[in-house]
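What follows is one chain in structure tokens, specifically the form predicted on its own.
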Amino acid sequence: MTDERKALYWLPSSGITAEKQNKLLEIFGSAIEIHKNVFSDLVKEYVGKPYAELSAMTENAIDTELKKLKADGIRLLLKGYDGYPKQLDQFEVVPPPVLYAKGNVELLNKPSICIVGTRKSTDYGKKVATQWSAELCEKFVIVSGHATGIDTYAVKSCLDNGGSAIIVLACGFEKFDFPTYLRDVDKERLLFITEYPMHMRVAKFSYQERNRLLSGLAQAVIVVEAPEKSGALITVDRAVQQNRQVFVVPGSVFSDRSKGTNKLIRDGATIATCATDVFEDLNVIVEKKITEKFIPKLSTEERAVYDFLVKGTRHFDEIVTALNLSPMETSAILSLMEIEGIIEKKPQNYFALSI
């Protein structure tokens, strides 16, 4: 093998960790030299269990895989070559020598911010992730691990409001089931990226490894809700090691899902109580419209309720009359809007906007 780029692709093909790949590159100086010495005891020692698969990979097999990647629209970003994200080329990140990318790779060159949190979020956490992402996506690409809960709310809100997102996978592309809400998004506003070979399945360790890329790709990390033992806190640890800014949203002292975030604050983390705090601390100048109250996408009936309540607090009967719907239909609409945090119920069956 005489092509360094092809040799770099070969190196992680068996699932060797980025740390081991970087160590081998440091020892031998290039991927081609590693390939030349693949049967040496030193390579066997560093590679470990995946060695059999690595040593069995032929150049013809690599050529076949590279053709398939190109046909599937997947681009390889190789460390040391054009296109590789500069923000990952940092010792503290443990940069993967190879990244697989699908979508708009130019998003890697834009300011980005990572929003993380628990999979089992509260309505409060959902509201924060949704509202803040809608505001932040005006100036930042949103980086996410696409997990349910906070991650998903942040990405969906970003895309619903015309923003762009980078999704970092914890598996290879062949093993990723693309969520419905991501399938029809304009390709120019989305990038999927992973350090793992196409066939690699997700594993507990790959989630933890992936977290360093979430923080590494972003200028800052925002933690919305996180219990005491949360993957989001691993991302925070990586962010601190990588000298990234960390913002923490305070939560209820009575909620287990805020114990991790509240502890971060107690330990000295930067508190953020609105998206404006983030903009100001990162010295980002925003137009006035960005800091105005967030108005979510609403159905026709919800929009009618919203416009009616803009004028002030109204009684349930007044809303029924204004909508020209039955009390049961009106009640269902109001209940949904209350759950989403758009309105709040007052004493004696009055309702008012909460955003």
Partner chain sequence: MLSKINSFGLQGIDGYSVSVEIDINNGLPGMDIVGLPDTATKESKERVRSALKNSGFRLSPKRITINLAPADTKKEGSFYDLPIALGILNATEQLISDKLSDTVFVGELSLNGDIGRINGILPMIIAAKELGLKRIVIPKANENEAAYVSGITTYAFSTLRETVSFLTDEITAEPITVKDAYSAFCNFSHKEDLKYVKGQLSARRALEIAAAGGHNILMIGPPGGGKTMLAKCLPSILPDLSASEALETTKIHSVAGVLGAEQGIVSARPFRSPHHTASRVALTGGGSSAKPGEISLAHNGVLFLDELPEYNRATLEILRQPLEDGKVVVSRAARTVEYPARFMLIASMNPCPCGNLGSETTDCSCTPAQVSKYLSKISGPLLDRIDIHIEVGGVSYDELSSNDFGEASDVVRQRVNDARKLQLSRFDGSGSYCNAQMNNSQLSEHCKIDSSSETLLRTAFKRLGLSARAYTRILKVARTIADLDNSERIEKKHIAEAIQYRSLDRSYWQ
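Residue numbers count along the first chain shown, from 1. Being a predicted model, the structure only gives us computed values, none of them experimental. For clarity, a rigid core is taken as the largest C-alpha set superposing within 1.5 Å between two forms.
Below, we refer to the form predicted in complex with its partner chain, which is not included among the displayed structures.
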Given 78-86, 252-260, 274-282, 95-103, the stretch touching its partner chain in the predicted complex at heavy atoms within 4.5 Å is 252-260
Can you pick the one in 307, 59, 317, 53 that has a heavy atom within 4.5 Å of its partner chain in the predicted complex? 317
Report yes if any heavy atom of residue 348 sits within 4.5 Å of a heavy atom of its partner chain in the predicted complex; otherwise report no. yes
Could you tell me if residue 120 has a non-hydrogen atom within 4.5 Å of its partner chain in the predicted complex? yes
Would you classify residue 338 as touching its partner chain in the predicted complex, given a 4.5 Å non-hydrogen atom cut-off? yes
Test of understanding: in the predicted complex, would residue 247 fall inside 4.5 Å of its partner chain by heavy atoms? no
Does each of 11, 15 and 179 have at least one heavy atom within 4.5 Å of its partner chain in the predicted complex? no
Looking in the predicted complex, the residues of 145-170 with a heavy atom no more than 4.5 Å from its partner chain, listed in order, are 149, 153
Determine whether the C-alpha of residue 341 shifts by 2 Å or more between the shown form and the other one once the rigid core is superposed. yes
Note yes or no: does the Cα of residue 313 move by 2 Å or more between the shown form and the other one after the core is superposed? yes
Can you confirm the direction of the Cα distance change for residue 315 and residue 126 in the predicted complex, closer or farther than in this form, given it is 3 Å or more? closer
With a shift of at least 3 angstroms, figure out whether the C-alpha spacing between residue 346 and residue 126 grows or shrinks in the predicted complex: closer or farther? closer
